[in-house]
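Just the one chain here, laid out as structure tokens, in the form predicted alone.
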Amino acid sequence: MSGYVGKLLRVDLTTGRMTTEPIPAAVIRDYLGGRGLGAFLLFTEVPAGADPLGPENKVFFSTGPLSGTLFPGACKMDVAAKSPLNSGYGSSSIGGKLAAELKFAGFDAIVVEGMSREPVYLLVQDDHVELRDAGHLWGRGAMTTEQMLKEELGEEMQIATIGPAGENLVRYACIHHDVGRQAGRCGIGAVMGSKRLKAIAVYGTGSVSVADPAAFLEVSRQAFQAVKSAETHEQWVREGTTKTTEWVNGTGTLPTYNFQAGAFEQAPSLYADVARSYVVSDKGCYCCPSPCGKYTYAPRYDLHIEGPDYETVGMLGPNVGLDDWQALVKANWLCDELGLDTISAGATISWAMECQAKGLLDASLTDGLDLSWGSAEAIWTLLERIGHRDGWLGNLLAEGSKRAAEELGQGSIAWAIQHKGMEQSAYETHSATAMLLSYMTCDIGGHHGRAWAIWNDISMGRDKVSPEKVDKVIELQHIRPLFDCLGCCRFLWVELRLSFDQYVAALQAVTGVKRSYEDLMHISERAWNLTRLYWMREIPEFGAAFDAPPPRFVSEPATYGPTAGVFTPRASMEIMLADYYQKRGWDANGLPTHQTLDRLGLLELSPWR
């Protein structure tokens, strides 16, 4: 089928054997690509009960049918594995140029399995594939490694790396690419580290086949024109995601002091106009007409970095009490060089700071480090300790907030703000019932990317409990991950209002297969339910208890800002969750019914058929 190469590269690190395999047409038909393909491969290839950091786990790099084409924003790749953070389904999206380059090299996906005895990196140059020694790279930072490999292999190489955090099996280690793009969530960098795979370097000279070139060029031209003429285009290019900071602070949804509040008094020092004053240049991914990346320079520390983006601002700024932009840039730089997810890192550090504030971590446990809110030195020191698993505290925090709280005890689990073991991203949900429901039911844990419902809370009434909100969460959980199946960035749809009809038209022109919006949503729903099955298979006791909200949002009032004194009653979220289960075709314990699995063609994959 056009739009696909039709094959994957399988790399066995244990034996050093590399093979090329066809991807069955039925899998492409049923799961489309990207996230859908990754979820299917993870479910069918990694045995039940596999150790996330053991040789049986695998890493799946999967492109979509639009990846590497000339449609705007066709730059995305899904990276899937069993998550070391929570032993459930792990999936993370990465932009930049890697997805396109993999298609140009002649592959839709890479499957990495087994475990190398020594550090290696994978080199893919069209049909030439080899594993090379990475001993000289082991221990190096993620950005440093990328630069070293470009100097060694050529600037045209597209490279994904891990840093010391991945090597040291930090459970929220990420994968780095293109000087500032990450597959950040779920700890898949630690899976690469466990396999001693330091990097993947890809270069291709091929192209992506298109069924109807004339139709595709026309729909792409129209899409580019629509994006460039959008009313918000100029602001988006100027500010990127940092434009969100002022909005969330004004609406009381900016995470502050470990989600105790939804506004930060010093937030204006982190607003987009301040961020822009340090920008050297705008930076975009492959085939992007609206570059949201901001290449930034912090003169105080002589550091260049892409970012910080909004999620990093929220989690390593107000949520840890930091109000200094240049200090935040340094924290971002440390995360990128160490290979740490900025969201989980910020959330876990904020948990530790609250633990000290409440008397649970004294100087004897912190090696004398003062974890006061807003201390840049404490934040930087903790990031270094986490990335290297240095000392008792660094080792504890490298486990993530849930595991750390379970070890420390003393009630500290109440302020580990996480869902299914993964830290909540940067939207405060004391009074945001749709966003809280989307976090509770997210297929990977506390992530906003699957359903950014906070806007619906603001527009529909933030404390409202309604069937309409539940409908919206489900709709978003289908359409937003669908972009990850297509291999496209969703920002052009979210921020610049590019019509989804244009994505449908582009897909038909590329593949030659007509699929309606409803067909695509059905594929996304199938993938969503398959990942639910994965949780059920891996965790026998999995059910509604795993969708419970963090206690903070349903029992403690927010302390400051527009939502001060407010929290959402637990009973309200129970009502919404029950309605969500019913509309999804799941039983009262949140498990897909036989009828739902049959409707979605998943019965043959269900171990309970």
Partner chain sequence: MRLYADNARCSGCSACLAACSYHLFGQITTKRAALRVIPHFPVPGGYTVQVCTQCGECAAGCPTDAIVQNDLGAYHVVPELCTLCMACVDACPEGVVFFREDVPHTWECDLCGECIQVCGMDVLRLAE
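Positions refer to the first chain, counted from 1. Just so it is clear, the structure is predicted and the values come from calculations on it, not from any experiment.
Just so you know, the form predicted together with its partner chain exists too; it's not on screen, but the next bit is about it.
Trainee: Tell me the stretch among 223-231, 193-201, 345-353, 250-258 that has any heavy atom within 4.5 angstroms of its partner chain in the predicted bound form.
Mentor: Result of the contact check: 223-231.
Trainee: Can you pick the one in Pro268, Pro291, Gly391, Gly139 that has a heavy atom within 4.5 Å of its partner chain in the predicted bound form?
Mentor: Looking at Pro268, Pro291, Gly391, Gly139 one by one, just Pro291 meets the 4.5 Å heavy-atom criterion.
Trainee: Pick from Leu371, Cys285, Ala453, Met440: which residue has any heavy atom within 4.5 angstroms of its partner chain in the predicted bound form?
Mentor: It is Cys285.
Trainee: With a 4.5 Å heavy atom cut-off, would you call Glu156 a contact of its partner chain in the predicted bound form?
Mentor: It does: once its partner chain is placed as it appears in the predicted bound form, Glu156 has a heavy atom within 4.5 Å of it.
Trainee: Since only the chain is shown here, I'm wondering whether Asn57 would be in contact with its partner chain in the predicted bound form (any heavy atom pair within 4.5 Å).
Mentor: No.
Trainee: Check Arg532 for me: does it contact its partner chain in the predicted bound form (non-hydrogen atoms, 4.5 angstroms)?
Mentor: Judged by the heavy-atom cut-off of 4.5 Å, Arg532 is well away from its partner chain in the predicted bound form.
Trainee: I'd like to know whether His304 contacts its partner chain in the predicted bound form, with contact meaning heavy atoms within 4.5 angstroms.
Mentor: It does: once its partner chain is placed as it appears in the predicted bound form, His304 has a heavy atom within 4.5 Å of it.
Trainee: If you apply a 4.5 angstroms heavy atom cut-off, which residues in 184-212 are near its partner chain in the predicted bound form?
Mentor: Contacting residues: Tyr203, Gly204, Thr205, Gly206, Ser207, Val208, Val210.
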